[in-house]
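Coming up is one lone chain in structure tokens, specifically the form predicted alone.
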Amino acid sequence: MGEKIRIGFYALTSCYGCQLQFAMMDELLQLIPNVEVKCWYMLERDSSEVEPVDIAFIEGSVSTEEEVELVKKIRENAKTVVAVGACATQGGVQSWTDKPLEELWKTVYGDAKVKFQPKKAEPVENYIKVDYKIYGCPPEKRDFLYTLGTLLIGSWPEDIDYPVCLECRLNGNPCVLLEKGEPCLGPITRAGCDARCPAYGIACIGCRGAVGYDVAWFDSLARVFKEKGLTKEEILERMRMFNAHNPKLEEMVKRIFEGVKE
């Protein structure tokens, strides 16, 4: 065996659910002979120095000016950068609202003094080049193991380019959109979760993000939602939950309501 592969787990603004998902994986113990963990905030709070690594996993959204500098430093010191989870890949639920930052700040912190400079939450790729993404809130265990495994052997993981609806059909699930009339985002959401929520009759909320800016047809789904009685605001509110930074979302949804009185 050659030198150990150096990896780091870095956390930005998040609930730490992605790191917890990783920490509960017994399979990671098998990596000890071949991997050197240079940083993992959840397991070692003092690991604040950004050291050179072969693979950097970043979870959380960029929500402070300090985090902007942190991700840039991580990128400079990493051969491969992987954005992990909905916050890192899509900005997370904290980027859902379009309210002014000052109003959000007042709601959360009031007049308290803090040691950081806040900003609206954004995906990691808005500031640095991201080589690969692991989707979900939190990601599926198998997605992380697959990604790490392929990278460790010098290969490259394949991305998922089809929607949750395909998994629903493969599993024989009743369609919660067409049969129950629920506002399900399965038609535009990246698959990989085995359609877990629709399998239990729960409409997909899109936590894995849109299947692609040029593939996800927000306007077609918005038309179906509109026919079921949802207003433009209700549709945008639901679609923004995990797609607030999708550049085509607003335009495609509004197109359905042009010239239509609500």
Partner chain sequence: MKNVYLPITVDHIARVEGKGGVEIVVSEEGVKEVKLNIIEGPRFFEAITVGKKLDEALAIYPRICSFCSAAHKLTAVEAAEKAVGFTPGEEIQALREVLYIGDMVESHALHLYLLVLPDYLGYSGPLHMVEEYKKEIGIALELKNLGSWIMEVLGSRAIHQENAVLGGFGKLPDKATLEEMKRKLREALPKAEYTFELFTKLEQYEEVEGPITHLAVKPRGNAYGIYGDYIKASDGNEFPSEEYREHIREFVVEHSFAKHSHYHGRPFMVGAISRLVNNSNLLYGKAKELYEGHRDLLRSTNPFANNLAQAIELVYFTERAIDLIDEALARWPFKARDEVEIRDGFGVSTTEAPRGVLVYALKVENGRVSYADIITPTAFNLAMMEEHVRMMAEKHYNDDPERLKLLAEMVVRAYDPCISCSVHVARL
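Predicted model only: the values in this text are computed from it and were never measured. Numbering follows the first chain given and starts at 1. Take the two forms, find the largest set of C-alpha atoms that superpose within 1.5 Å, and that set is the rigid core.
This next part talks about the form predicted together with its partner chain, which is not shown.
J.: Residues in which of 75-83, 123-131, 152-160, 136-144 have heavy atoms within 4.5 Å of its partner chain in the predicted bound form?
T.: Partner-contacting stretch among the options: 136-144.
J.: Even though its partner chain is not shown here, does N243 get within 4.5 Å of it in the predicted bound form, heavy atoms only?
T.: Flag for N243 set to no.
J.: Residue-level contact is defined here as any heavy atom of the residue lying within 4.5 Å of its partner chain in the predicted bound form; does C15 satisfy this criterion?
T.: Yes, C15 is a contact residue.
J.: P187 versus its partner chain, in the predicted bound form: is there a non-hydrogen atom within 4.5 Å?
T.: Outside the cut-off, so no.
J.: Does its partner chain come within 4.5 Å of any heavy atom of T107 in the predicted bound form?
T.: Residue-level check for T107: yes, a contact with its partner chain.
J.: Using a 4.5 Å cut-off on any heavy atom, which residues of 227-244 would contact its partner chain in the predicted bound form?
T.: The stretch 227-244, when checked against its partner chain in the predicted bound form, contributes E234, E237, R238, M241, F242 at the 4.5 Å heavy-atom cut-off.
J.: After superposition on the rigid core, does the Cα atom of L170 shift by at least 2 Å between the shown form and the other one?
T.: Stays below the 2 Å threshold, so no.
J.: Just checking, between the shown form and the other one and with the core aligned, does T107 shift 2 Å or more at the CA?
T.: Comparing the forms between the shown form and the other one, which are aligned on their rigid core, T107 does shift its C-alpha by 2 Å or more.
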